[in-house]
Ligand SMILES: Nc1ncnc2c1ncn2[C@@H]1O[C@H](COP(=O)(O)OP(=O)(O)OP(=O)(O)O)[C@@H](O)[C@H]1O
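The chain below stands alone, shown as structure tokens; this is the form predicted alone.
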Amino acid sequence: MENGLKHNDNIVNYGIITSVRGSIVDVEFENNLPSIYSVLHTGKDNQIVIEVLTQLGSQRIRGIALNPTQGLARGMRVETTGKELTVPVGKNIMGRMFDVFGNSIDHLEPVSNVEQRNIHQPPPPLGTRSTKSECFETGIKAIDVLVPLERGGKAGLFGGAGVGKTVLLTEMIHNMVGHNKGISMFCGIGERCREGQELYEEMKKQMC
């Protein structure tokens, strides 16, 4: 097994897949065990990305694949430079769409002059957090009166298909941007990506 070869001015460490169970992948390394949150690459053209979740010993890690694992099998080689997953941040990304790896997926020009920041960040210090409870006004009377939301809190919206969840979400985003001069971020997982596309197209129409 090769270890410590130079690749693009970064030390590349190689390992071997020992187990594949759905999206959970175990990888064995002879030395230089990757740290937690490190990104591993494997598969054809290294298109499969795995993030290290835990170290199972001095030579084995367990990670989760961040994209489909079709074709992945025991004995396949894995490589890593020890870097973690980063995404672009800054004003230039506003109004754009990205995948989980920070690549633009809206068929526009690649973003430039942006900072790449690790997705795993420490929480803000306690001294900077608000200790008072405030009501977050959505501008939708039914929510503000019957089920008011707390500023800085979390809320879940559950309902069947076609009952208006995305419409309600669109209205909340519109009020946040238009009335409060705020910023909204939409993250889609699985089926929600389709709704995110519809939401994106609707927002573009309102902006024009």
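Residue positions are given as counts along the sequence shown, with the first one as 1. From a predicted model like this one, the values you see are computed outputs, not experimental measurements. Rigid core (definition): largest C-alpha set, two forms, superposition within 1.5 Å.
The protein also exists as the form predicted in complex with the ligand; that form is not presented, and the subsequent description refers to it.
Using a 4.5 Å cutoff between non-hydrogen atoms, G156 does not count as a contact of the ligand in the predicted bound form.
Though the partner is left out of this view, V167 does reach within 4.5 Å of the ligand in the predicted bound form, counting heavy atoms only. Of the heavy atoms in G162, some are within 4.5 Å of the ligand in the predicted bound form. For G164, a C-alpha deviation of 2 angstroms or more is recorded between the shown form and the other one after rigid-core alignment.
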